[in-house]
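The chain below stands alone, shown as structure tokens; this is the form predicted alone.
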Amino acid sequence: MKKKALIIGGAGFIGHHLANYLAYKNYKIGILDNLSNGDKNNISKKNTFYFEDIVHGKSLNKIIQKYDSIFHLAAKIEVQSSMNNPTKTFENNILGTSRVVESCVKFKKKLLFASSCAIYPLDSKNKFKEESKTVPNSPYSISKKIGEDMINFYLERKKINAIILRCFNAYGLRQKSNSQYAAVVPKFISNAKKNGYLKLNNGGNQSRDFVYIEDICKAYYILNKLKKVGTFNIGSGVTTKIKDLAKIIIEIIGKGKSMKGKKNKGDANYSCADIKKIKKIGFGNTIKIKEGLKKII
């Protein structure tokens, strides 16, 4: 019998890739999304779609009951907009997550929660381990940390079977370049294709751990199959400077120019995952940045 997976936020960038990956692995897929960030065109007609909001507990309970594994990826994700409107972010990411967690506890469902590397401090010079200090500094990252704390509350009492995934800089096909939360990779690719400028804020000296979407899906799949609980970093374990990222993209496309951008306060200089823990359970050999960019371009 096919395993059944519900992907909450399955119309978003990571969510729809995960839906396709799990369908390929012979899962029956349900997608729950309010389409505030997601795109309905990302949803396959083969999947069952629920146009719902996670804040509504009763309808959420009815849906969650039908599935074996619950992948909770839904969130208000724009850091800047979370600063401007914290209440909206807290309502969705904290109240909504508590509804999902309570439902998984009630119906004994496995939960895989998308946390974020944003909860780590901005001033580190070392790779982040799962037990590293966390210093959430925006309503978005605060909400993610509270989500983790809620899950850990139930884990300590052995009332939930849950995994927390702290994902680093995701990139891949069909990532939006024109949204408010435009990741640097699609933005740079879009500008290079127009022979435009790739702006290097803070001189492009920031180092980031870019992890290809296929590797993220693989991590979710492995962690869902195993009888593991707890927190795992999802990254490549390797950093790329933003100015080097720009160089690679310009080189592959054969167009575009780098230029100095503005000075941004509150931008981490270094962010990289220590992935020893997840490597022990079969995750590794991640797609290198140049190879990943070629796949997209």
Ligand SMILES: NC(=O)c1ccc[n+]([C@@H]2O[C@H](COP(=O)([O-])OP(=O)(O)OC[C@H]3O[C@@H](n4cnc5c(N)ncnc54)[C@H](O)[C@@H]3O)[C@@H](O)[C@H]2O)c1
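Residues carry their position along the shown sequence, with the first being 1. These numbers were taken from a predicted model, which means no experiment stands behind them.
Quick note: we don't show the form predicted in complex with the named molecule, though the next part is all about it.
- Residue heavy atoms within 4.5 Å of the named molecule in the predicted bound form occur in exactly one stretch of 284-292, 19-27, 6-14, 271-279, and that stretch is 6-14.
- No residue in the set 98, 111 and 148 has a non-hydrogen atom no more than 4.5 Å from the named molecule in the predicted bound form.
- With the partner omitted here, the residue from 54, 249, 64, 242 that has a non-hydrogen atom within 4.5 angstroms of the named molecule in the predicted bound form is 54.
- Just one of 162, 75, 104, 219 comes within 4.5 Å of the named molecule in the predicted bound form, counting any heavy atom, and that one is 75.
- By the criterion of a heavy atom within 4.5 Å, residue 236 is excluded from the residues contacting the named molecule in the predicted bound form.
- The named molecule in the predicted bound form comes within 4.5 Å of a heavy atom belonging to residue 37.
- At a distance threshold of 4.5 angstroms between non-hydrogen atoms, residue 71 is out of contact with the named molecule in the predicted bound form.
- Residue 140 belongs to the set of residues with a heavy atom inside 4.5 Å of the named molecule in the predicted bound form.
- Looking at 148-172, the residues that come within 4.5 Å of the named molecule in the predicted bound form, counting any heavy atom, are 167, 168, 169, 170.
- A shift of at least 3 angstroms pushes the Cα atoms of residue 57 and residue 154 further from each other in the predicted bound form than in the displayed structure.
- Closer approach of the C-alpha atoms of residue 57 and residue 37, by 3 angstroms or more, is seen in the predicted bound form than in the present form.
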